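Have a look below at one chain only, the form predicted alone, in structure tokens format.
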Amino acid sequence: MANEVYNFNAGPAVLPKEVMIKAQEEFVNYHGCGYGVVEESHRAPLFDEIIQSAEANLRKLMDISDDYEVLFLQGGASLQFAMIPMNLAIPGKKIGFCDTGEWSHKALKEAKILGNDIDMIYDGSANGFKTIGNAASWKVDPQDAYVHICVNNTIFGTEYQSYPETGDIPLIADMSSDIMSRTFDMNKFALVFAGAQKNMGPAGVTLVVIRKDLAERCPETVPTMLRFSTHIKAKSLFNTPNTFGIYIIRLVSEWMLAQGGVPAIQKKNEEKAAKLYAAIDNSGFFRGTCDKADRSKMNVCFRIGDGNEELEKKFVAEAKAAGLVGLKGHRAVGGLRASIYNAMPLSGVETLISFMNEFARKNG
């Protein structure tokens, strides 16, 4: 394998090299205290400064107002699939779902397990989850308890370009794989959640940003640990959180602010995605797997020809040998996938494009 490696894994995913180096330097002796962050009590002043700084940075990056609480939880986005309906469903009302692939579908299944009726606002299975279209035109029942969307699909490579107009109905979004990759209006959403392992930090921390009034919905029959109100009152310290993960989120958010914040990051992401999709479209060898209008700028999914699996295996193996790792598509769909999150430098995408061009020349 090459000495320099570019990590295209979908998650856990690439982190900024500067962050990794700083974490390495501070791992055994944080700010001269003589021991590492992972050894510190989550209730000590040292960690209190870390979690407060991480929250302040995220509020600045996403323009989160005081109308919202910021929580650092555990259980991944997958626990939120159940925790959200447990807290926010209303007896006698349906939950609106927009199914654009694997993760929204799993959330829908959890809501059904809990006995909720579903208002299917959009079902992408009819087109193989290859397109989303104009979400702002979808019809939302004003009687729904809330509406759930997953804004970026890591498996099928689609991303919302607009959001459903829900009026007074709370709009809830799983932003695990594109959070802070582009600007958005937080005030359009009642709750946003995201696993940290794509753009924020390591696996093991789940960010939940919830409007304060919405958190008051939770019935007392929900177990204490699974109530948003529990974690709001305890400031994410009801039980021992993933202290090291939150520390890394603090470092990543500092790195993002130093880059110029989300608008600057978005500009770089758009450049990376545009170059990679152009290489695919102009190759005559590779092809994209979803509607061009709905392509994700985080997860670029593609195939060789009509799906030449032998050549795709060869591509993944030779790419890995060349220092380009994590390019195998999700097991559910196969093919190839390059995840180009915030921390992926332009040089990584350009190196991948050069490899793709050479591979196509040799195997076309």
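All values reported here derive from a predicted model rather than from experimental measurement. Numbers follow the displayed sequence, beginning with 1.
The same protein also exists as the form predicted together with another copy of the chain; that form is not shown, yet it is the one meant from here on.
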### Query
Tell me, which of Ala264, Ala203, Ile118, Leu257 has a heavy atom within 4.5 angstroms of another copy of the chain in the predicted bound form?
Ala203
### Task
Just give me the single entry in Ser236, Thr166, Asn87, Thr243 that has a non-hydrogen atom within 4.5 angstroms of another copy of the chain in the predicted bound form.
Thr243
### Residues Val5, Arg43 and Gln197 all lining another copy of the chain in the predicted bound form, heavy atom within 4.5 Å
yes
## Note on the structure
TL;DR on 131-139, 144-152, 224-232, 170-178: the one with heavy atoms within 4.5 Å of another copy of the chain in the predicted bound form is 224-232
### Task
Considering only heavy atoms, tell me if Gly288 and another copy of the chain come within 4.5 Å of each other in the predicted bound form.
no
### Task
Please run the contact check for Ala126 against another copy of the chain in the predicted bound form: heavy atoms, 4.5 angstroms, yes or no?
no
#### Entry: in the predicted bound form, Val38 touching another copy of the chain (heavy atom, 4.5 Å)
yes
### Query
Could you tell me if Ala274 has a non-hydrogen atom within 4.5 Å of another copy of the chain in the predicted bound form?
no
### Message
If you apply a 4.5 angstroms heavy atom cut-off, which residues in 72-87 are near another copy of the chain in the predicted bound form?
### Response
Gln74, Gly75, Gly76, Ser78, Leu79, Ala82, Met86
